[in-house]
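One chain comes next, on its own, written out as structure tokens in the form predicted alone.
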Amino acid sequence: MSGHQVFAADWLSLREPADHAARSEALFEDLAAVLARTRNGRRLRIVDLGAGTGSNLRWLAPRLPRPQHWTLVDHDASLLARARSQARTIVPAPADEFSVTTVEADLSDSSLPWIGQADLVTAAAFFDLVSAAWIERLSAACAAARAACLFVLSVDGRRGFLDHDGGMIDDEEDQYMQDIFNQHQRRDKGLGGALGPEAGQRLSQSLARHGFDVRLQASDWRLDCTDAPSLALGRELLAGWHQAALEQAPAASVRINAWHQRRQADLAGARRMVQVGHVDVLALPPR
């Protein structure tokens, strides 16, 4: 496994508790009620796009009715291998009640062939990487399959620091860094010009145009940096924001480095909480 792959797996593991804590239980309950009415006792077919190490499966599978078959799609074979190896420990069940297939594939494939027979299409922390055209193709494929959709943890551009009463600290330098980072997120990540913080809204609008009943709910990270795992995640976030800002605005490196050092000190002294804004999108096909 390459250094990049190790880093990616470690990052996904580090963020998973925050992801799971942030997800909308209310949207999931609406989804589960619909699936219970429509599947008529047959195997539930679920496609997870950009599945990584299987975090989405680990949250959803124990909560959904069985039997289930999951198709995990990702471009990274090593991450999929981790997902496959961990799946049985998450949902111990007979083979005819729970099964997983992994597909190493380039998600730029415009035909999205995995969706055709799905009851549920899902993805987590993925859509900021894709283009508007890619989302349109996805919406059309999901509509043709009449599949329900649960797309969670799309960043929406809100990020910053809170005091310990929960109030936002939004000084000029934080706003400057947020603007630069959002510009960086719109770079092409291999799936066309990335939507970055606009992804959640564009996704919901596209699905609605294709006839879905669409509901959105905030799913923000709120990291209390007096807690060791949250502090570790907060430090990695800061490092990522810092690197992205330097790539986007190298001429402003002195200003960017000064901001980074100040906020590093705040986290180290547990003087700040970190908030990262996300939205979850539930889209139910027309009856």
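Small disclaimer: the values here were computed from a predicted structure and weren't measured. A residue's number is simply how far along the shown sequence it sits, counting from 1.
Although not depicted, the form predicted together with a small molecule is the subject of the following passage.
Note on contacts: among 99, 108, 205, 217, the single residue with a heavy atom within 4.5 Å of the small molecule in the predicted bound form is 108. Screening 181, 126, 161, 212 for any heavy atom within 4.5 Å of the small molecule in the predicted bound form leaves a single hit, 126. None of 73 to 81, 197 to 205, 136 to 144, 166 to 174 except one has non-hydrogen atoms within 4.5 angstroms of the small molecule in the predicted bound form; the exception is 73 to 81.
The small molecule is not drawn, but in the predicted bound form it has a heavy atom within 4.5 Å of residue 52.
Taking the partner from elsewhere, residue 191 is found to have a heavy atom lying within 4.5 Å of the small molecule in the predicted bound form. Contact between residue 279 and the small molecule in the predicted bound form is not found at the 4.5 Å heavy atom cutoff. Under a 4.5 angstroms non-hydrogen atom cutoff, the small molecule in the predicted bound form has residue 12 among its neighbouring residues.
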